[in-house]
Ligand code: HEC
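Just the one chain here, the form predicted on its own, laid out as structure tokens.
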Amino acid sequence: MKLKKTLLVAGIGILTLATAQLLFSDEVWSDEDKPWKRRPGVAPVSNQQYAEECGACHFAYQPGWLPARSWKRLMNTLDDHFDENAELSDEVQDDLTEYLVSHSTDDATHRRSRKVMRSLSDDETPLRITRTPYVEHEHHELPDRLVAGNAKVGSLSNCSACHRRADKGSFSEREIDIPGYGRWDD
């Protein structure tokens, strides 16, 4: 009888752990609640022109990392884009701004995008993804030697250096591999 109780308690514990892992994983069920249609953390870039124009100089950040107000401000100051001139033709700038605004955190359905939006106050207009409270919180445990002190990373803005599926919009902790350090697990 004691063995049956122990097995029952162990089974309930395993079931509880599995349920918690589903509830708190980095992925969420799709709108249709179909387990085979999980959404990544942020929607991947879906605009080829954006990927080519912006991705020519840096990682083409998914629009779901910033609110519309931030994208508008960034796109209106391309003549001084983090101390670089990134000006585009008016037509291209308008097209890219429309894409970024319409895919921003404001109406996003992906989990990480919603978390970024919830972390911001209504009066915040961050221009750097790495300065959003959500991203700062997610990276606060990383020692400086693994990021700024790591020649293969350099800064938090180099997402794809550690997040191996960043281009797909997946920023799961299980997929982190810090150059010169290895798998990260906090």
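Predicted, not measured: the structure shown is a model, and the values here were computed from it. Counting begins at 1, following the sequence as shown.
Missing here is the form predicted together with this ligand; even so, the following discussion is about that form.
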Heavy atom within 4.5 Å of this ligand in the predicted bound form - residue from M117, C54, A43, A68: C54
4.5 Å heavy atom contact, E141 and this ligand in the predicted bound form: yes
H103: touches this ligand in the predicted bound form, heavy atom cutoff 4.5 angstroms: no
Interface membership of H81, this ligand in the predicted bound form, 4.5 Å heavy atom rule: yes
4.5 Å heavy atom contact, T125 and this ligand in the predicted bound form: no
Sequence-ordered list of residues in 151-185 near this ligand in the predicted bound form, where near means a heavy atom within 4.5 Å: V153, S155, L156, S157, N158, C159, C162, H163, F171, E173, I176, I178, W184
